[in-house]
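Take a look at this single chain in structure tokens; it is the form predicted alone.
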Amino acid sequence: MNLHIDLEKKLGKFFIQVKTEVSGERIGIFGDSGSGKSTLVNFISGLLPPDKGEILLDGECLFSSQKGINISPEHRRIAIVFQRPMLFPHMSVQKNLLYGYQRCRAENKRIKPESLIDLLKLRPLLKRGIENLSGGEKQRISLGRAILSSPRLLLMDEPLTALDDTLRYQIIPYLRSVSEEFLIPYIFISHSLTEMQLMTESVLVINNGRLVEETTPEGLARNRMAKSQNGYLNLLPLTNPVDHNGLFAYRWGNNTLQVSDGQLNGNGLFELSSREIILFKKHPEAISARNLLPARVMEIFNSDGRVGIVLSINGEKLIAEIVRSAADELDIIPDTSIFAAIKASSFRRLA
């Protein structure tokens, strides 16, 4: 997918002006509330016309103030999943799902409802009414309805904001799998660094109506490590848990990690803040932390006065965060051998 944007609009006292060209299958738009993210989505979808400029999607002009072009939303073949599902309360789950499919032109129908229903695990819900569904179920149906319209681009405008953490990370695999299974590129809008890391491959950063940065999710997380409340968030897929003296011993690549927030019935995705990792120059004689891992320093980077230490731990990557004085005292440079200590309680299970 290739998207060219060069536009501006004044909305009361707010002025948005964005010029960029991005390519890829998983694009993120990141920014605080009120920065202009949703306004930009409305321009792309056709729900809101810019004052002037142009929008091209894969070479097709969707809007041009100079040429007098403004293709209507229903003819752009762009689907949107909003923060709230916006399902039709008088329709069953099945009828909600098929709403977009039935209005899709025959030549554009390329996704079979049965395949999507199975992928999103919606079959047990088809006959139910909307009022009897959980928030996560409603959002899966909203996603399914959008995909069955066979869009050439999917816009997801903070689709996880209204969900609690448990549901949020249950929905993310569905969001990614439908895009990968049906080859539909998407633009994912969020103010969450973790969601950017899990959902995107490149990121546009919007602030006060301006495009201020074009980066990767990794670059975004590193740049905001010092200012973020939780530092850099390492996302660790852990597998094969077993009971270990009241803790859960998981496999992390070729390593074993002891975790307190775990469960024995399956694998999980865990979050670990860079600030929860303590570094030692030498092997400590005794330590209360249940995880002590020999590591090698791969890279060092700066983030607003803090120092990020990229560690290689038996083939796996981890980022720790320390102050500059600590980095100097420990004489940490690339290729240094070091020990990383992590408390079992420092891991937060996401899914």
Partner chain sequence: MLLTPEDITAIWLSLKIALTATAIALPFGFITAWLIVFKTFRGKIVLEVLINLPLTLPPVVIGYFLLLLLGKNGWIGELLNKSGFPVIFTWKAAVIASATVGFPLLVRSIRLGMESIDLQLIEASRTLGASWPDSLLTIILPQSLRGIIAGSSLMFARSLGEFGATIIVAGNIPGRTQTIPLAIYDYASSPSSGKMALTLCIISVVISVAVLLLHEVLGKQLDRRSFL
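No experiment lies behind these values; they were computed from the predicted model shown. Residue numbers count along the first chain shown, from 1.
Heads up, the form predicted together with the partner chain isn't pictured, but that's what we're talking about next.
- The closest non-hydrogen atom of residue 200 lies beyond 4.5 Å of the partner chain in the predicted bound form.
- For the chain shown alone, residue 110 is not a contact residue for the partner chain in the predicted bound form, no non-hydrogen atom being within 4.5 angstroms.
- Within 4.5 Å of some heavy atom of the partner chain in the predicted bound form lies at least one heavy atom of residue 92.
- Residue contact check for residue 123: none of its heavy atoms lie within 4.5 Å of the partner chain in the predicted bound form.
- Note on the partner interface in the predicted bound form: the residue among 220, 175, 184, 87 having a heavy atom within 4.5 angstroms of the partner chain is 87.
- With the partner omitted here, the residue from 267, 254, 166, 72 that has a non-hydrogen atom within 4.5 angstroms of the partner chain in the predicted bound form is 72.
- Look at 239-247, 255-263, 96-104, 276-284: in the predicted bound form, residues with non-hydrogen atoms within 4.5 angstroms of the partner chain sit in 96-104.
- In the predicted bound form, the partner chain lies within 4.5 angstroms of at least one heavy atom of each of the following residues of 140-171: 145, 146, 149, in sequence order.
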